[in-house]
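Shown next as structure tokens: one chain only, the form predicted on its own.
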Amino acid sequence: MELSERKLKILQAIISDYIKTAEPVGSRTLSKKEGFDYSPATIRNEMADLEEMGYLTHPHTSAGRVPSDKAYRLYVNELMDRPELSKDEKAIIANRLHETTVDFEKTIAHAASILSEITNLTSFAMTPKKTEDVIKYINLLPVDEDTVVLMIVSESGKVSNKAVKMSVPYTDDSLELLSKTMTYNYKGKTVSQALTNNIIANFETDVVAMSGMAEDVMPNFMKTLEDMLNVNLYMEGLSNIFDIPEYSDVSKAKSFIEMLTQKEEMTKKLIERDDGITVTIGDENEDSNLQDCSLITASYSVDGKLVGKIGVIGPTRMKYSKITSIIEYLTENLTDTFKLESGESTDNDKGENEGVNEDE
């Protein structure tokens, strides 16, 4: 079954209405919309087809339909228009952002606050250390029959150690082999790059004991890397969740907040996301705690290098088109702000300043 032009029009209308109202959308409501020349019966038939195709779901308590994660993905990829922000909206973002530019960390935290205020969602911003460790080699040293020391040495000479309890027997030879395997996979990588490559997922060996050793060592290795990374994660607008219908249940809202306050886990999830503007919807999020949510993130640069991420998290029913436009403009200004601090000027800044002057 194909998505005809009529089906797409009906689906887009359902998504738009549901994003605005949080109420299931019925055929009679759609038939009254301007530009809809379809009878309620025709719309019901098309909605039934869309449900069969996986684009709509049918809440038991309502005759209306709501979009599925699959529908939101189609909307983000093909149906939504990315609106141009108005001059006033751009001026507000640019002026607010330039209120605090004396310190890198404060500027990023301020950007997260601005994003939360504008979107009415929970926002976050992640800043890494200005210089990041590069792994030189990894060593595993025996302590006693069930303990080894994991040693990570960086190019800068920094050494991080962690004692690891082993659940399987090991020999000096097996420790050396695992050390060499890990060094081969991680040498030359930055800490954040290493965090996105857990070799246990494709660790292949015919020696059962080696597999067991890897299962003991790798979680401790990843945790040590997180400690080495030492990023700062700023979150704003956690209380905004109580204003969203999907979280009217206090226990659900509390679970959402508890999930976000586990900053180590949240930081790791953000590190693993792709650069640029990235949207993940519902079940696309691997973490089961995030499968009722959507995340929109974007990268920002300092001195031409991608160094951090900023974004929002909220229900799958969010204003994707508007929010992506806001995040894109905010990150552009964030990047330009650090260019200005280093004495550079940009055409974008010149254009925005002219636009603000006209409004004045």
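Because the structure is a prediction, the values reported are computed rather than measured. A residue's number is simply how far along the shown sequence it sits, counting from 1. Here, rigid core means the biggest group of C-alpha atoms that superpose within 1.5 Å across both forms.
Just so it is clear, the following notes concern the form predicted together with the DNA, a form of the same protein that is not shown.
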**Message:** Within 4.5 Å, heavy atoms only: does S27 come near the DNA in the predicted complex?
**Reply:** yes
**Message:** Please tell me whether any heavy atom belonging to T42 falls inside 4.5 Å of a heavy atom of the DNA, as the geometry stands in the predicted complex.
**Reply:** yes
**Asked** Does the DNA get within 4.5 angstroms of any non-hydrogen atom of G308 in the predicted complex?
**Response** no
**Request:** Flag E34 as yes or no: does it have a non-hydrogen atom within 4.5 angstroms of any non-hydrogen atom of the DNA in the predicted complex?
**Result:** no
**Prompt:** Hey, of 45-53, 323-331, 291-299, 309-317, which bit sits against the DNA in the predicted complex at 4.5 Å between non-hydrogen atoms?
**Reply:** 45-53
**Asked** Taking heavy atoms and a 4.5 Å limit, what residues of 59-76 are near the DNA in the predicted complex?
**Response** H60, T61, S62, A63, G64, R65
**Request:** Spell out whether the Cα of A63 moves at least 2 Å between this form and the one not shown when the two forms are superposed on their rigid core.
**Result:** yes
**Message:** Quick one: with a 3 Å or larger change, is the S62 to K319 CA distance smaller or larger in the predicted complex? Answer closer or farther.
**Reply:** farther
**Asked** What happens to the Cα distance from T61 to A48 in the predicted complex: does it get closer or farther than here, with a change of 3 angstroms or more?
**Response** closer
